[in-house]
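Okay, so here's just one chain, in structure tokens, the form predicted on its own.
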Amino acid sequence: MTDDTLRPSGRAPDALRTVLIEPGVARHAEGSCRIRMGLTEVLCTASVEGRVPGFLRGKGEGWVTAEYGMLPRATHKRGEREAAKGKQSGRTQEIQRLIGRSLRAVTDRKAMGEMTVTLDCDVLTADGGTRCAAITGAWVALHLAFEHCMAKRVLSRNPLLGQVAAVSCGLWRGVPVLDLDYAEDSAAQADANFVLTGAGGIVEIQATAEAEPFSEHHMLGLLALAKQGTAALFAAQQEAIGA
């Protein structure tokens, strides 16, 4: 990159931020991890309950759902707790639905039986990519929760069918770049979140032009970066679960 297109972090266009996934950080949760991507840090816990929502009762299958939130000082200025407002923001609801969809995409819910796993993703520090970090960390927490259930003989096998992870990409001064931090995300010409599976499947792509429409060529470039980035995240997940 030339000086006028250099990323604020100084990273190469295809470079992830430093990724660290620390498993088993919540003593009482059936599965948990803390994931750090650069300065972004998210605590992910998986809680198992022997019941399912009403619409699934008697169907012999389980449910995976998620809740997402940001601590008041996850950002530069204190944000008001949503509980104090009496309702969740549209952004919060959209992100937690995305996390739930992403994890259900790689889960055999019949193999769960009538069980619910709730993934709580709490942002400790936000510096861009919080939803992507939450999805990537939630997979680790869910895997560990299922392993816990197998050890307790609640499950005979792990219902996970594969891996899922998420990463952001964007156009920074006309150049496709991987894993946006806040400085880039807030000024990018386009930004996108890619949720991909370890088998090469696409769960969801959220892409938005911030200034002017971007081309199909750029979109394919962003997808190629996302595949490269999630490959590294899949490896980090495997290391976290001890595989």
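In case it trips you up, residue 1 is the first one in the sequence shown, and so on. Just so you know, these numbers come straight off a predicted model, no measurement behind them.
The form predicted in complex with a further copy of the same chain exists for this protein as well; it is not shown, and the discussion that follows is about that form.
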Checked 87, 110, 157, 152 for heavy atoms within 4.5 Å of a further copy of the same chain in the predicted complex; positive is 87
Margin query: Since only the chain is shown here, I'm wondering whether residue 185 would be in contact with a further copy of the same chain in the predicted complex (any heavy atom pair within 4.5 Å).
Written below: no
* With the partner left out of view, is residue 201 within 4.5 angstroms of a further copy of the same chain in the predicted complex by any non-hydrogen atom? -> yes
Residue 175, heavy atom within 4.5 angstroms of a further copy of the same chain in the predicted complex: no
Verify the contact flag for residue 213: yes if a non-hydrogen atom of it lies within 4.5 Å of a non-hydrogen atom of a further copy of the same chain in the predicted complex, no if not.
yes
In sequence order, the residues of 111 to 125 that place a heavy atom within 4.5 Å of a further copy of the same chain in the predicted complex are 118, 120, 121, 122, 124, 125
